[in-house]
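A single chain comes next, written as structure tokens; it is the form predicted alone.
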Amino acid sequence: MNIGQKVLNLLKDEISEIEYDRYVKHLIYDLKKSSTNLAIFYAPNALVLNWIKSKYKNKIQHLFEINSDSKVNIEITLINSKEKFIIKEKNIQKQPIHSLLNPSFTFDNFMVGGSNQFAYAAVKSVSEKAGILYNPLFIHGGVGLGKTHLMQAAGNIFQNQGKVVIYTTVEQFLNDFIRHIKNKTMERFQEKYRNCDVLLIDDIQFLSNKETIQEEFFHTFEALKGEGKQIILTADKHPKKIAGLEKRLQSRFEHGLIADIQPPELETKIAIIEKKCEINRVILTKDIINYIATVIESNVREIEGILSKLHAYSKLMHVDITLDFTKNVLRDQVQENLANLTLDTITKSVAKDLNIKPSEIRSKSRSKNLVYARRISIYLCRELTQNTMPQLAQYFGMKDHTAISHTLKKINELIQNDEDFKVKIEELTNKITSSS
């Protein structure tokens, strides 16, 4: 396997399978024309080329560096095109050669909401006073919620200030460590990681049960902390919940500030989609944006993938992006996200939100608040599951499917005419799908 293919395979392990299949796997490495200082790839079209250029050029460059131990410029060319897009480092003397920062990750284009406001404020404060406030800063949360974005936003500010910044994942840190051990060049490894001004490490949970690398990371951490150098770490969970993590590391992670990021609420998801549409020049109506926000999981990367998918389908099929078109394109993805939803799950969520018992929703009571809750439950069960109207009638203790049909008709009228009711439906849909 040549170095170019090896790098693409390594990249595959770091990104989502959807993005790899949609973009990265279409790159072709030119072994004959490439050299020790230049790697040439061919992209099949401008969409793939621009996506790779904006999302992964630095990652590819970094992976070449750690696998060839030399600085490599990356050239991506459209197949059968004379137009070339060359990715070069700017101001090489001023840029740290080990950094893997994405310049598109900034505080300005990070959408702030109640779910991430504390983490945003913490990272922003650290970016203004490196090594003084909150050192280390530990950010934890689920996949695709913006941990890396925030971390790299701070890194970009530090780098623009002339600081030596290293961004890496634990996996890359481990691979680097193993390679230097094999080559008997550990002094170079230690010099690289202990002489930076800022160390940013993603996915710290993967240190779990790796005693040797934990030992090395501990000494790196101590060396940097002792000199007042800033350390920012991310993980999918709180340090206390990372099994197989040495107590001394856990203690040091907790010594600084720990900030968590929760799944975004509906308003934040809508704002994220609107911002991504603006950045990617995708035009969507409010109804389409609201639909995407209410049916997808709370994952920013998934949002980006959906917008790219809609844009690509629209261009290739030469059709406008309508609500029906969106539902059709995302049908399989939505069904996969909602596969685990049950009638009980939905009913319990509605009951909890409206502060009543699930059994009351399924009762024969005609009190106003229970009729309201029952209508919402029926509508959401119909929209979010594959149950038929007769099955819903049986579950809710109604006479037959015509009673369900009448209820659905009434709910659709309320959605059209009552904005508050429509908002409540959207909020509950977001809560239910986010926790599925």
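Just so it is clear, the model here is predicted, and its values are computed rather than measured. All residue numbers are counted from 1 along the displayed sequence.
The form predicted in complex with a small molecule exists for this protein as well; it is not shown, and the discussion that follows is about that form.
- Here is the short version: of D176, D197, E304, E216, the single residue with a heavy atom within 4.5 Å of the small molecule in the predicted bound form is E304.
- Interface residue among P103, G131, P358, G142 relative to the small molecule in the predicted bound form, by the heavy atom within 4.5 Å criterion: G142.
- Partner contact region in the predicted bound form: 268 to 276, out of 268 to 276, 245 to 253, 71 to 79, 362 to 370, criterion any non-hydrogen atom within 4.5 Å of the small molecule.
- Taking the partner from the other structure, the small molecule in the predicted bound form has no heavy atom within 4.5 Å of any heavy atom of K229.
- Although the partner is absent here, F110 is a contact residue: one of its heavy atoms lies within 4.5 angstroms of the small molecule in the predicted bound form.
- When contacts are judged by a 4.5 Å heavy atom cut-off, H149 counts as touching the small molecule in the predicted bound form.
- Residue contact check for I288: none of its heavy atoms lie within 4.5 Å of the small molecule in the predicted bound form.
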